[in-house]
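In structure tokens, one chain follows: the form predicted on its own.
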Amino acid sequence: MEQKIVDEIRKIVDESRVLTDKPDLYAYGFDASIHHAMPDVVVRVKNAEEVEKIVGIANQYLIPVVARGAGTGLSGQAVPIEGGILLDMTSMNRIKEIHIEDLYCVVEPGVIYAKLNEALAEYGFFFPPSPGSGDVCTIGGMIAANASGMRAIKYGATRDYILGMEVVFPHGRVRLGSRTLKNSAGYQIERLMVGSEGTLGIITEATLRISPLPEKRGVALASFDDVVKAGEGVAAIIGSGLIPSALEIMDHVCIQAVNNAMDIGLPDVEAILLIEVDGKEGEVRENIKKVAEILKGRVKNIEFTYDDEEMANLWKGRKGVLPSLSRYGEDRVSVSLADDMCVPISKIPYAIKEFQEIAKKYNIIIGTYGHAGDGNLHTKVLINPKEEDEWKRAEKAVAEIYKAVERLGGIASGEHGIGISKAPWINGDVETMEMIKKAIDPNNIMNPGKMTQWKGSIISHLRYR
């Protein structure tokens, strides 16, 4: 990047917030995916005016611009693979308004999910999508990826809570949507921004719908001697008409990894389900008993708890699967490949069985876990990242996994987004997506090379050496 462009940026943003030293650029080249690439300059923006002016410069000089929140994305969305300007959005972290009586709040994109819910809890409300990285991820990143988590089965994903937003497009800053719960006034452009991964514009403010906190929660821990039986149990619960607030699955690889790393004491079985129900206290206790009846004949053992500390310990183990898998074996780490597919709920047993067969075929270890209640499975591939042959076998296995998912009527991503890691298997009308991208971003400066634009192998721009 030419020095004059950096100088122009420094006229907009204080020099201490414009980073060009190589160690800083290297650090900002990561997210939580397998990918890495360095930007030419990092700008720590503080307000929408700064974002608008910098995007204007990028559009004038045809420079790529990538927005970054907390860097928790698992598909490479925030990795600046074509260099350019990286905007660190984390200083835009104000909760600007909370309107309980109107069921919405207004926040900047750098607000951390957990911090927002701490503020809302004082009023007895919450923002439900609950991503696994909720303690650190930002609202802007959640919107960009349409993030969700274990409670999506009952409460939905981020898109379901978007009322309006402010966005900086290449042509300028605009307001989208409304502050009303219903909106039938033309194209819902604010919904289009959800899941766009920074390829159309940069979110500088969001108006979010909020919900009342449930009175009580309870959790059932169900153990199975066969992971396929566990998958059948998921379908049976949903088919009964009972909608849990969370329904999670972990296979034996994940159970062993968590017990080794965290000493949680999960049952040493082939698979477990964690089933959470919420609502009024009497309703919760009744539904927990109903779960036991539904699983009878499939389950090896089932335990219940309504104790907040015990439930927190179980969810700590579930949330610890991802880091724990990298301690499964001495020379193996967990890499985010084929990690976020979604299939119809009834197809979960078949998907898990196929994943196991594919792992055996390519002699690799695959841990399967995830939000089974809405069909969203995560498969983490465990490999030695120093061995080129293991990368090759893993890539072949991943391709077969996604073929199996498509055959079962599924899609490539349920909540992590596409980025680079899942680009070859993106579902939907790609031609229309590309037309929208060209119309809004004709100079292709907004996070170029991602989603429909990524071509070739996903084993590229690796963070591993």
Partner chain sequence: MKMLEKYHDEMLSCTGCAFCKKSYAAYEFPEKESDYPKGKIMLAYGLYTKELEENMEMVRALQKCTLCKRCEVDCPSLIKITDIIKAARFELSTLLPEHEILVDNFRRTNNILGEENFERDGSRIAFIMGCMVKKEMKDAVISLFDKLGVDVTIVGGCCGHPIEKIGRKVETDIGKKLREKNIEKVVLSCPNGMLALREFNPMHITQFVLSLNPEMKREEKRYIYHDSSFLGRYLGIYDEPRELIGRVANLVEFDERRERAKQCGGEIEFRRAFPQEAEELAMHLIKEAREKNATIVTASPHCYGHLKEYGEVVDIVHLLERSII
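Keep in mind it's a predicted model, so treat the numbers as computed, not measured. Numbering follows the first chain given and starts at 1.
There is also a form predicted together with its partner chain; it is not shown, and the following applies to it.
> Do Ser326 and its partner chain come within 4.5 Å of each other in the model of the complex, heavy atoms counted?
Yes - in the model of the complex, heavy atoms of Ser326 and its partner chain come within 4.5 Å of each other.
> For Asp441, is any heavy atom within 4.5 Å of its partner chain in the model of the complex, or not?
Flag for Asp441 set to no.
> Does Ala27 reach its partner chain in the model of the complex, with heavy atoms at most 4.5 Å apart?
Although its partner chain is absent here, Ala27 would touch it in the model of the complex, with heavy atoms inside 4.5 Å.
> Should Asp31 be counted as a contact of its partner chain in the model of the complex, where contact means heavy atoms within 4.5 Å?
Contact check for Asp31: yes, within 4.5 Å of its partner chain in the model of the complex.
> Pick from Glu293, Glu303, Asp135, Asp308: which has a non-hydrogen atom within 4.5 Å of its partner chain in the model of the complex?
Contact with its partner chain in the model of the complex is made by Asp135 alone.
> Please identify the residue among Val333, Ile365, Ile189, Ile100 with any heavy atom within 4.5 Å of its partner chain in the model of the complex.
Selected residue: Val333.
> Looking at 200-208, 121-129, 162-170, 378-386, which one sits within 4.5 Å of its partner chain in the model of the complex if you count heavy atoms only?
Selected range: 378-386.
> Listed by sequence position, which residues of 441-463 have a non-hydrogen atom within 4.5 angstroms of its partner chain in the model of the complex?
Only a single residue, Arg463, comes within 4.5 Å of the partner.
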